[in-house]
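Just one chain is shown here, as structure tokens, and it is the form predicted on its own.
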Amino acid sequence: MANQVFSQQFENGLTLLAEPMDWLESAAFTLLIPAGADRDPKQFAGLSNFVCEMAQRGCGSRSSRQFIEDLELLGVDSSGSVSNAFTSYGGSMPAEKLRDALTIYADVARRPHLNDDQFEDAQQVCIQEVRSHDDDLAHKVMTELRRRRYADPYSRVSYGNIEAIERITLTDVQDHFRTFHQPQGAILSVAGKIDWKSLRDHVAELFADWTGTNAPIEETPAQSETYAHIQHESSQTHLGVTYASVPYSNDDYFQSHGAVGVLSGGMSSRLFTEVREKRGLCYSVYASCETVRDRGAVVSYAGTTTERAQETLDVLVEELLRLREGVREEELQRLKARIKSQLIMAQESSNARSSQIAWDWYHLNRVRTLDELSSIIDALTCQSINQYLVDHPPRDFRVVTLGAAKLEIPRGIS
């Protein structure tokens, strides 16, 4: 496994991270710019996403079409997206093409055209994205669940809403870009077959004279009600349940991850076995650990029929609460095998590794090597996880349902 991660902090606030993976012939980069949905003015929800779409429609000396063609000629598998905290650009490619790809994305990050001739097309793309999410009822219920778990703006979705997108003007796009697409807090992570010194010097040429700083974020408390129902006439009901947990930066995060991994993550997991297989209550069920900024939660979902919705919710909550009884050795061993498999596959993917080291730096201000992650997983025991569950039992629940009828809140969480 790779054991060394290089880092360079530039004076403008940009952090460069790099992990050589010399056994690969590929390289990948992830560029995180702190211009996510948490920066959107409330009246312009989705503005960061709009800016991201526009930035990829011509930059530097390249037209929109030339930008796409140049990436294709380099063999770059590229992406651009917006999360709550970041606008993110990334790509994977043959290692010898990394230098040219970074040159192109320096123009995306710093010198997009943001011209009027691309505005209407970009706006329609953003509107279609909103509609696709609105049609996804499972996504809709989980979005509302997160609004009730996290404070605003950390619960915002990147795509906004149609009314806000239709209000956005080209001036709004240009002003937002100038204000928030800045190097302070930005992270550029690279993994694969790379030479550190050459990479560092090239990134300095591209980004060291980038200037600007970001404004602080104001926080509004989340709603405190335990239960919310979204009325929707349908034969299906979607259930979302969340409880408070520790964030990724907490020393106990992997204890929580171990407990939730027993719940969900394989065909022998508790939720799959108890809720779906034994009782046939639902067609989909899962739980996962989640981190937003400096706070964490466990989120769970089940999709079922209207007739079986109440029973599904009762059993889902019962399994979440049953975690307090602890995990068993055979469950932990299956979980470890699954995670170790994921770590092995990460060794074969420069793209996955570049994303992970950026994530680590954002949350920890350092990078965990694959060896360190492997050691953390090896150190998990039933005793350590069960002690964590004693100290941090599932608590502070929020429940959101979407369907034809309200449900009763199960005992033990109201």
Partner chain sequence: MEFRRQTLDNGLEVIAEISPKAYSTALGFFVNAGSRDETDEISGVSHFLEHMVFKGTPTRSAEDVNRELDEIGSQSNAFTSEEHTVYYARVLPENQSRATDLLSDIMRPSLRDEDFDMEKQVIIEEIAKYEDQPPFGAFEKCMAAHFGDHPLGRSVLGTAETVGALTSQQMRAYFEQRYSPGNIVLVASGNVDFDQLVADAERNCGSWTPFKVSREQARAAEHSGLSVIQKETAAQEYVVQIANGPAADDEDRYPARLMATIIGDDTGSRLFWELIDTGRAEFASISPYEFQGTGIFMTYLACMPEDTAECLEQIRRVFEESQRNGLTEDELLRAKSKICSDLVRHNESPARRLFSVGNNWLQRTAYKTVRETVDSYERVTLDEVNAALAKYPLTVSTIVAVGPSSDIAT
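Numbering follows the first chain given and starts at 1. Just so we're clear, the structure is a prediction, and the values are computed from it rather than from any experiment.
The form predicted together with the partner chain is left out here; the points below concern that form.
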property	result
Among the candidates 304, 242, 245, 255, the residue which, in the model of the complex, approaches the partner chain to within 4.5 Å (heavy atoms)	304
Among the candidates 77, 175, 329, 318, the residue which, in the model of the complex, approaches the partner chain to within 4.5 Å (heavy atoms)	77
Site check 64, 132 and 341: each within 4.5 Å of the partner chain in the model of the complex by heavy atom	yes
Interface membership of residue 278, the partner chain in the model of the complex, 4.5 Å heavy atom rule	yes
Any non-hydrogen atom of residue 353 within 4.5 angstroms of the partner chain in the model of the complex	no
4.5 angstroms heavy atom contact with the partner chain in the model of the complex for residue 151	no
Contact of residue 226 with the partner chain in the model of the complex (heavy atom, 4.5 Å)	no
Stretch from 232-240, 200-208, 319-327, 176-184 whose residues place a heavy atom within 4.5 Å of the partner chain in the model of the complex	232-240
Members of 263-295 lying within 4.5 angstroms of the partner chain, judged by heavy atom, in the model of the complex	266, 267, 268, 269, 272, 276, 277, 278, 279, 280, 281, 282, 283, 284
